[in-house]
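One chain follows as structure tokens, the form predicted alone.
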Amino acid sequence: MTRAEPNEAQDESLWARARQSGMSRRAFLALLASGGAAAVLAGCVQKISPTPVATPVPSPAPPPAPRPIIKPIPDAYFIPLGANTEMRFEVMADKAYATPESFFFVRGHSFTPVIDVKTWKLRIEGDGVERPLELSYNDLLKLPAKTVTRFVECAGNGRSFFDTLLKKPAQGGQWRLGAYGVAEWTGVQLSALLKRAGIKGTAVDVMPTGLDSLSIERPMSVAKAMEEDTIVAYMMNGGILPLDHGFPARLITPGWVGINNIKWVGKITVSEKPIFVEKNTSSYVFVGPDYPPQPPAKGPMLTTQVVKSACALPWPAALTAGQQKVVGYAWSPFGKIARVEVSINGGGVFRDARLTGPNIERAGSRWEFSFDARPGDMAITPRATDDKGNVQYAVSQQKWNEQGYLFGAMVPHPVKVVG
């Protein structure tokens, strides 16, 4: 789902953010007139910044250490995984469709940076463009906007099941299925920016680089960069992009692994030769007995995600005997969801679930399944099929890899029924 976004809507979203931060309408209008969106956001960020204003004292205390995650991450919503946090999927049971920012998982490699939007710049450079380009935040907001509803998912989503279902543990954070979220993203098409910079016909790779402490970067093909729904986003679900999710701007590369959705982007390099960095040679590649090395990479590079489905239930879940309705999500990197089936007897028999609400390509669909719950232990196993014919497979067909990427097999969700 895409649409053009008028400037009036952007101004209303800015006003909503400004009002939330305690700014008066008069101050908002004054800032908007004097400095545009950048000035408004600077006023907002200053009010919500977790970094205290330094007070002159003879022996100032050292500044607090940067926080890996800035937004509240209560246990009721999230499962902590070191510097990352997984959404508890049950929080989406009564939601209409999109994942609210307050529930959206956070995957980072260091800590969330707080970037001064007044001095932020986005540079597009490299031998793959005719004329390097530099944009301020206000420059970015003045360009024609595009809104897309798409999912973002960590490549390691489902990694824990290599251990619990395959009995072959994999390295990394042991996510279940909550490293997934679907949101409405607004920004500027990356293709439009590359055209403004005069992208050459000989260009091969495009690599965004983040402004976080580790300068996380990962290349993509020119073909992916030029897709109409690949955007540099500055809004999420109708509001200003939150700090933990990439403010001031981030990449949205629909259907590709999460690492390609670079947050806090500050530079985009366009190259006439393939680009090799740590994130596509040592990590975010398949390493294992089924994956021969592809020098200089240790194995095949990850690009597209896989079809998945999940129950919006606690893990494990407890249900009361009798008629029950379970809801969940299914998503595909290739298109829309065509069908979700559910088994309650270990995969022996599957029955169709009902798709509900929006069904958006590269975003997913909600589903509902009703059944007669009988006392005892059971498992609810959903199986998704997309409109291109891609279907989730049995656990026995899942290939293992050292870093536990792209677990796409059906997952039986444990349930205890009491009556």
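All figures in this text were calculated on a predicted structure; none of them were measured in a lab. Numbering starts at 1 and runs along the sequence shown.
A second form of this protein, the form predicted in complex with a small molecule, is not displayed here; the remarks below concern that form.
Enquirer: Report the residue, out of G126, G299, G108, P333, that has at least one non-hydrogen atom within 4.5 angstroms of the small molecule in the predicted complex.
Expert: Checked against the cut-off, the match is G108.
Enquirer: Would you kindly say which of A233, C154, A225, M87 lies with a heavy atom within 4.5 Å of the small molecule in the predicted complex?
Expert: Checking each option against the small molecule in the predicted complex, the one that comes within 4.5 Å is C154.
Enquirer: If contact means any heavy atom within 4.5 Å, which of 253-261, 131-139, 291-299, 188-196 contacts the small molecule in the predicted complex?
Expert: Contact criterion met by 253-261 only.
Enquirer: Does I216 make contact with the small molecule in the predicted complex, using a 4.5 Å heavy atom cut-off?
Expert: The answer is yes: I216 has a heavy atom within 4.5 Å of the small molecule.
Enquirer: Taking heavy atoms only, is D244 within 4.5 angstroms of the small molecule in the predicted complex?
Expert: So D244 counts as contacting the small molecule.
Enquirer: Heavy atoms within 4.5 Å of the small molecule in the predicted complex: does D212 have any?
Expert: Heavy-atom contact with the small molecule at 4.5 Å: present for D212.
Enquirer: Is F162 close to the small molecule in the predicted complex, meaning a heavy atom pair under 4.5 Å apart or at it?
Expert: Although the small molecule is absent here, F162 would stay clear of it in the predicted complex, with no heavy atoms inside 4.5 Å.
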